[in-house]
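As a starting point, one isolated chain is supplied in structure tokens, in the form predicted alone.
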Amino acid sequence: MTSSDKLSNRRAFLAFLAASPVLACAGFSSRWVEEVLAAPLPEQDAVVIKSVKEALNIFDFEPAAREKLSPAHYEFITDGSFNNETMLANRAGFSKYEIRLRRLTGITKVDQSIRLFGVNWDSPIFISPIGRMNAYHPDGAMVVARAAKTTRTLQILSGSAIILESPTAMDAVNSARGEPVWVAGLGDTLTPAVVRRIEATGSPVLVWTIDDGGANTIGAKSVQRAGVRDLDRGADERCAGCHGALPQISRIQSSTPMDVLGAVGALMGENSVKLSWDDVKRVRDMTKLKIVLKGIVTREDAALAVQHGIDGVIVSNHGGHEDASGRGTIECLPEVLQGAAGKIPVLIDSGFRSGADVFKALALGATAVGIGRPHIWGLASFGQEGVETVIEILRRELQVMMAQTGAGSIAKIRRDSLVSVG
């Protein structure tokens, strides 16, 4: 929970007390409460951990990452699209489900392993693709790959241009991982040449990210708040070293402010809006790789994915980066499962911050759960050790929830362990 979240919660509690007769009975006037509410609450400094051993939960890594990152890079990974509607909805969605705990379960050991596309994994928690990882660590992709190897965690690597244009870089990631990772392609970038390149890496699964719909203002917002003149990263001395060499992402090319928002430019550039299910058929026909569509959030599209021979889907809204729907992925999951009808695995990411969150998705029927921002917080703050610790904390928390609900294995997690709220 961030400092602003804590302040908001305090104000909500005081507002609740203001409407309660308890204060009146205690001799406090309503005017006193109004004055307290009107006064600015001092913001407490967040605890900044100095080592992974001090971390109590995933949220402890965020302030540590903030200290290490530039303002623009921190903003990019932290903020969401438009007014953060969807990013906030991802978190709020978990409150719509409560967990029914059992007592005296007698469980002393839980088995978190799953089998996905013929491969066994130690946990259903996987690493979601994040682009431009060198913004968070000089060797970001390699460091995360080593952490994935150590923890035996499924890793999906963002197939950003810098990776796909450099087979040696991809080989280095696979070497660090100890086996080929899943590779994510973006929007309309999946040309035959790119698909061949992904096949050449030995990757068993092509994850096609289709939720880049043009709502992403993160790049513009991050450089704006960092005070980059005209939002031109290539011309700013703090940014030019990296962004000056990448003109396709360095500048806001359009001359009109509305194009900066992405709302007008959504039908242009590398995004999925202009694509159709005919394109899915085209890519399906050009490769024998397993294909997973990342960004499915409705029953109808899940059913169409099955009809088009897709091997799996990921319920995702890009962590709120690319989606201003105001709908959390945990809320989308039940209908996607209904559309998939048990014919293909349904994975999910966006907004997961605890083992309890992970448990709720598994109880609803998800096959596996991905983390994005949490592993980047760990990467930025403590490198490989940070990523490993983030994964280990989530696994421990999931273990607790499984034991307290009587589930000795993932297969024994039951839907009736959840209660729908509201």
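Here the structure is a predicted model, which is why all the values come from computation and not from measurement. Residues carry their position along the shown sequence, with the first being 1.
Form predicted together with a small molecule: not shown, discussed below.
The candidate spot formed by I130, S350 and R373 lies fully in contact with the small molecule in the predicted complex, as each residue has a heavy atom within 4.5 Å of it. Shown without its partner, this chain lists H137, R146, H318, R197 as candidates; in the predicted complex, only H318 has a non-hydrogen atom within 4.5 angstroms of the small molecule. Just one of A176, V292, I77, L154 comes within 4.5 Å of the small molecule in the predicted complex, counting any heavy atom, and that one is I77. By the criterion of a heavy atom within 4.5 Å, T209 is counted among the residues contacting the small molecule in the predicted complex. Not displayed here, the small molecule is approached by S158 to within 4.5 Å at the level of heavy atoms in the predicted complex. In summary, the region of this chain contacting the small molecule in the predicted complex, judged by heavy atoms within 4.5 Å and restricted to 373-381, 48-56, 391-399, 61-69, corresponds to 373-381.
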